[in-house]
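Okay, here we've got a single chain as structure tokens, the form predicted on its own, with questions on binding and movement later.
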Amino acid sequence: MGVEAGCIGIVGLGLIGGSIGLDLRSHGWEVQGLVHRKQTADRALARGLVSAVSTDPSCLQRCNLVVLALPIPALLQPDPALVDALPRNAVITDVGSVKQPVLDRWKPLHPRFVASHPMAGTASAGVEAGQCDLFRGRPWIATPDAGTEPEALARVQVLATQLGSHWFTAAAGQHDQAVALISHMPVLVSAALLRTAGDERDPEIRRLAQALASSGFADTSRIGSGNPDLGVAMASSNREAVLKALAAYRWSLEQLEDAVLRNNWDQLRRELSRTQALRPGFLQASSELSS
């Protein structure tokens, strides 16, 4: 299996936790799930997300690796019963999209905590959302600090590579600023696009826009229509980085607006040519850097 024999625990069996469970079971790992509700537990077992599942945190006592697949608020304010149930010799990692606050919160709670973030997802949520190969070819980044145990970090790397992910490490603050640019800030930009179109005062124009909307609008508005609680959690827990990214975005938008106001079509063409050239680098960078 690439790690010592034992049981791997997954706390939370939504999209990320359920997908990890499916993939690990397909590789022969024993997976112990922990959820809040019996109905969720029954469905997770029926879907084959886990080998066993419970609503009692003591089920994690046998695990030598535990993945906290919890929402950001639950990571920052963890259930004391969960913290008490985590074996002290187990490696603990999370999958949250913000790292510095999570690292700061968990360092004093467990000696073998590794902050990490698989960069994968879909619009689906809940126990029905888990799918195979969600992480294949996607980045998985860990943010160790000076106190992170090297062996614990290596175990999380084994987990990530077993799932087919490309492994990265970075400082937690660097991670948070980077994801603000390519994940958290775009949620708000996409939401602003939907708000602008949806708040059109002329009902005839609004209805026509809805009828004509196609793939371009669907692509640019998708993440703005996601889970509101997730959007709030990302912005509130990564506030400074998101504000910095929004300020840079506002400046860029003003430059484009100025070109239109001045009928400066040569300038606008130069800006659009530059953005056309920039996009492939962001789509290809993760695979190139990890090769």
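If you're wondering where the values come from, they're calculated on a predicted model, not measured in any experiment. From 1 onward, residues are counted along the sequence shown.
Form predicted together with a further copy of the same chain: not shown, discussed below.
Considering a further copy of the same chain in the model of the complex, which of 131, 162, 210, 124 comes within 4.5 Å of it through any heavy atom?
-> The residue from 131, 162, 210, 124 that makes the contact is 210.
Picking from 56-64, 252-260, 23-31, 38-46, which part of the chain touches a further copy of the same chain in the model of the complex when contact means heavy atoms within 4.5 Å?
-> Correct option: 252-260.
Going by a heavy atom distance of 4.5 Å, is residue 52 a contact of a further copy of the same chain in the model of the complex?
-> The answer is no: residue 52 has no heavy atom within 4.5 Å of a further copy of the same chain.
Touches a further copy of the same chain in the model of the complex: residue 235 (any heavy atom, 4.5 Å) | Although a further copy of the same chain is absent here, residue 235 would touch it in the model of the complex, with heavy atoms inside 4.5 Å.
May I ask you to check whether residue 138 falls inside a 4.5 Å heavy atom distance of a further copy of the same chain in the model of the complex?
-> Output for residue 138 is yes: heavy atoms within 4.5 Å of a further copy of the same chain.
So in the model of the complex, does any heavy atom of residue 149 sit within 4.5 Å of a further copy of the same chain?
-> Outside the cut-off, so no.
Mind listing which residues of 91-119 have a heavy atom within 4.5 Å of a further copy of the same chain in the model of the complex?
-> Stretch hits: a single one, 119.
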